[in-house]
Each structure stands twice: as C-alpha cells, then as structure tokens.
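Before any questions on binding or motion, here is one chain by itself as structure tokens, the form predicted on its own.
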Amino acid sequence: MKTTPRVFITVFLILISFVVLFPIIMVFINSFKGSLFISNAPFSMPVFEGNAASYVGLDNYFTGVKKINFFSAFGYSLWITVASVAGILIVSSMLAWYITRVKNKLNSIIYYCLVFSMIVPFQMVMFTVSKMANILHLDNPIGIIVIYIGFGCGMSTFMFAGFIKSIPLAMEEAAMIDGATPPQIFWHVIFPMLKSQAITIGILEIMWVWNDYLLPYLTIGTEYKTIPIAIQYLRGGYGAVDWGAMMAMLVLAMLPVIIFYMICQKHIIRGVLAGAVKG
C-alpha cells in the first residue's frame, strides 16, 4: 500500500514534465520544417520523402541567422546578461551582508524597500524607467546594465540575506581578531560560503535577463538588438511570419541557458537544500 502513493506521484510528475517539455520539443521539431508545413500541421513530424516532404534540414537556421544578424544580437545579449548578472551578484551579496550585520533603521528601510520592489510589476514603472534612462544616458548596452542591477537586486538581496543570517558571527569575529579588514572578511570568509546560493540566484537572473524583451526594447530600442528583439523582426508586414526561421532562432536562443543550467544543476540543488536547512 505504501508504494501506491509513490507510483501516483511519479506518474503525476512525469505528466507535468511532459506538459512543460512539450512546447520546447515542438519548437525543436518545427525548426526543421518548412514554414507552410508548420502552419498547416504544427504537431506533425517532418516528412523526409515524397511530394509532401516537409524536412528542410538546416535551411531555417541559416535563413534566420542571416535575416536577424544573429551573431550581433547574440553578442549584445551575452554582454548584457553576463555583466548584469555579475553586477547583481556582487552588489546584492555585499548589500545583504551589510544590512544583515549592521542593524539600524536605515538598513531596515533599505531592506524592506528592496522586498517591496519584488512585488511591483514592471509595467507600472516602465515608462518612467525608459524616460529616466534617456535623461541619464543609460539607453545603451552599458547603461542598461545599471538598470538591470537595480531591478535584480531586490530578489537576490532577499535570498542572500536569508542565507547570511544563518552564518555564525563567530567566524567573522575570528577573522577580525586575525587582522582581517571588512572587505577581506567578505571576500575570503563570507562570499566563498555563498557559492551555491550565488549559482542558484545567477541561474534565475540569467533566465530573466537573457529572455527579457520589454526592458531592452524600451531603453536601447532597435539600435542594439538583443536576441528577443531581433527574433521579433522575423514578423513581416500584414501579419506574415517566417515560422521556420523563427522556430530555428528560438532553439538557438534557448540553447545557452539550457546548457548553463545542465552544467550548474548540482550547484542549484545544493543551494536550494542549503537554504532549506539553514533558513
């Protein structure tokens, strides 16, 4: 009788996994089909022979890369994502350590403002942000990193602070007795302990920044196209869409995040378990 609930849970999780993976599988399959066949039979497998052959090989990939200048968009997306996530992790971890160890009203206000920023929809501030970005000359691939750091620090500081609270203060006091300065204590004692948490937060931030469409479109516009913006240009006039090229570019856009997630998966699980045990 004890195995029955386990079987039920296993079957249920398999079904949920299939529901999540099914759209990704369909995008991958359709990336090898002609646009007409994608529109008429999106759920069918590619046909390799005969009059109804729908398999086009890598033609969609070559067409998409050429149409949207994929490598240029990839470069902008990579730069913005790496720089933004690195900035978020450094700034938020330092801020979380400071407001956790230094107890005063100002730090409490900062902490709750960051928590409040997590629940404010971007749509409420997007026009204000785009206007301020223009005034402060942040509407470029370097300035947008500052904006991403501002938006990303709320959740990451909250997660880092919850973990830092569980670190014994005696470790920092021992380092201080040995003559370590506050920066040395943070970089040599605290930050190494945050490795799993940093990777977990980094994955979440990477998925957000890499796939974000609205903020880059409002701030840096079409002059510096990131991958989500570039893919939208596969939509032609009067609703015409090159579905084959779009599916191929969506596959290429998903690959870096999937590969990074697979490489860092064990660290993500370790970070989640560490937070669950120590939080």
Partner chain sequence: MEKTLKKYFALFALPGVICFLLAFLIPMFMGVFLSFCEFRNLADVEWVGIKNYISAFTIDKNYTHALWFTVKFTVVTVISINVLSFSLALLLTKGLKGTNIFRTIFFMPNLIGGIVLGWIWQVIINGVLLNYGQTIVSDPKYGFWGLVILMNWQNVGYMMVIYIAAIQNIPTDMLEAAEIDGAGYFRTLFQIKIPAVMPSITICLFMTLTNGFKLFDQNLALTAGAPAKQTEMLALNIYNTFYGRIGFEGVGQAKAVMFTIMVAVIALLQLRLTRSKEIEH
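It should be emphasised that the depicted structure is a prediction, and the values quoted were computed from it without experimental measurement. The term rigid core refers to the most C-alpha atoms you can superpose between the two forms while keeping them within 1.5 Å. Residue numbers count along the first chain shown, from 1.
Just so it is clear, the following notes concern the form predicted together with the partner chain, a form of the same protein that is not shown.
Heavy atoms within 4.5 Å of the partner chain in the predicted complex belong, among the stretches 139-147, 194-202, 160-168, 68-76, to residues of 139-147. Within this chain, Val56 is remote from the site of the partner chain in the predicted complex, having no heavy atom within 4.5 Å.
Not displayed here, the partner chain is kept clear of Phe48 by more than 4.5 Å at the level of heavy atoms in the predicted complex. Among residues of the shown chain, Asn104 is one whose heavy atoms approach the partner chain to within 4.5 Å in the predicted complex. Contact check for Tyr224: no non-hydrogen atom falls within 4.5 Å of the partner chain in the predicted complex. Although the partner chain is not shown here, in the predicted complex the stretch 109-135 places heavy atoms of Ile110, Cys113, Leu114, Phe116, Ser117, Met118, Ile119, Val120, Pro121, Gln123, Met124, Val125, Met126, Phe127, Thr128, Val129, Ser130, Lys131, Met132, Ile135 within 4.5 Å of it, in sequence order. Once both forms are fitted on their rigid core, the CA atom of Ser35 lies 2 Å or more apart between this form and the one not shown. For Ser44, the Cα coordinates differ by 2 angstroms or more between this form and the one not shown after the core has been superposed. The two forms, fitted on the rigid core, differ between this form and the one not shown by less than 2 Å at the CA of Leu214.
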